[in-house]
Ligand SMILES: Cc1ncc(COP(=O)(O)O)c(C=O)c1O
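Take a look at this one chain, the form predicted alone, written out in structure tokens.
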């Protein structure tokens, strides 16, 4: 292969990574010598590639420092602004959403399809001891109904935690639920009616689409951008064009992109929705999982309880199976509590008692630091495995937190075909079209990176890469 073709191919690959947000603005690029070694090219070829990108204004050379990305990432390549903002509100019409539960229930797969932390990363033994103590201490209470709102000590703990990131919450507005999904579903049932318009990000978690579908709502899709999250200007444009009842958003570490919406943008989002009478339903499930260790503020920080209902749970930070979540109801507390009472009466008592015992004995922040470090390391290892072993031209997100990676495949590889071929090899991934109302992102897949990085995981990612190359061929 000629020198000219080599440097042009390398420049083209890096150009696409910059445009898609894989290489982010301000990020330092590998040194020329390292680039040459990693790509097995000459130093002259590496110099030509960087000079080409520099001429295009995508990177810059800094004296005695190296090369850095100049261009800010654009919107996802298959989620352009014009494409999504031009759509009319539509019911959820993605038939593939009905089949995703079949895959999630399987236990014979390497679980790269789940956004759940491995049990070894969670305080499993300590929680088991707390469950046992709660049963021994007061078995009658543990096995009885509790009040629909949840145990006061647990609600106080949740309010205290939010106060640490600048959101002043009255414990009396906290309502305990069976996980974050029940909180979101109850909020949708309370604030919307069938046929109402709801804004969701694209791409977004398939479970949110399923919840919206269950309530007979119509969807407007709002692009979520790699590296910067939700654009308030795009949100305002949708609000001005449509009578939107609610906006169901994941501003802190969107699933699947892992992107974080900035603090000022969050403030603008709340203000825009308030101005148009739109209720914001905030899915704050991943808010505690910032790789930097700095917990971003929730949208509720910029609201007085009038316009934002924040939903979350301990499923991603302590124990998925305890199914303990919450709503921060604000002025809608009474309505939400009535909906909760009519729906499930109350959340199970024993898990709440166990968590109260656990918090009295353990520092949750210590466990979160360990979990964040592990997830950040996993994300980096998974990303590198994709770049090393998957087809050339595959682009993978660089999340700021959470536990998912979003991979864009070369255009000749179909995500559904790769998903099915990976299942046949005993590896679970999810096809990208599950993360859109209309089944967009057909050349994408999502990976969960909560599973520990070990030889099994590495082998699974290598296997999927080999399958993808065969599909490409």
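It should be emphasised that the depicted structure is a prediction, and the values quoted were computed from it without experimental measurement. Positions refer to the first chain, counted from 1.
What comes next is about the form predicted in complex with the named molecule, which is not displayed.
**Student:** Open or blocked: after superimposing the binding-site C-alphas and transferring the named molecule from its position in the model of the complex, do three or more ligand atoms sit within 2.4 angstroms of any backbone or C-beta atom?
**Tutor:** After C-alpha superposition the pocket is open.
**Student:** Counting only non-hydrogen atoms and a 4.5 angstroms cut-off, does residue 245 reach the named molecule in the model of the complex?
**Tutor:** Although the named molecule is absent here, residue 245 would stay clear of it in the model of the complex, with no heavy atoms inside 4.5 Å.
**Student:** Flag residue 390 as yes or no: does it have a non-hydrogen atom within 4.5 angstroms of any non-hydrogen atom of the named molecule in the model of the complex?
**Tutor:** Outside the cut-off, so no.
**Student:** Does any heavy atom of residue 349 come within 4.5 Å of a heavy atom of the named molecule in the model of the complex?
**Tutor:** Close contact is absent here: in the model of the complex, residue 349 is far from the named molecule, nothing within 4.5 Å, heavy atoms only.
**Student:** Would residue 285 sit within 4.5 Å of the named molecule in the model of the complex, counting heavy atoms only?
**Tutor:** Yes.
**Student:** Within 4.5 Å of the named molecule in the model of the complex, heavy atoms considered, which of 339, 378, 315, 149?
**Tutor:** Selected residue: 315.
**Student:** May I ask you to choose, among 296, 111, 179, 330, the residue with a heavy atom within 4.5 Å of the named molecule in the model of the complex?
**Tutor:** If I apply the 4.5 Å criterion carefully, the residue I get is 179.
**Student:** Specify the contacting stretch among 225-233, 89-97, 307-315, 270-278, defined as having any heavy atom within 4.5 Å of the named molecule in the model of the complex.
**Tutor:** After filtering at 4.5 Å, what remains is 307-315.
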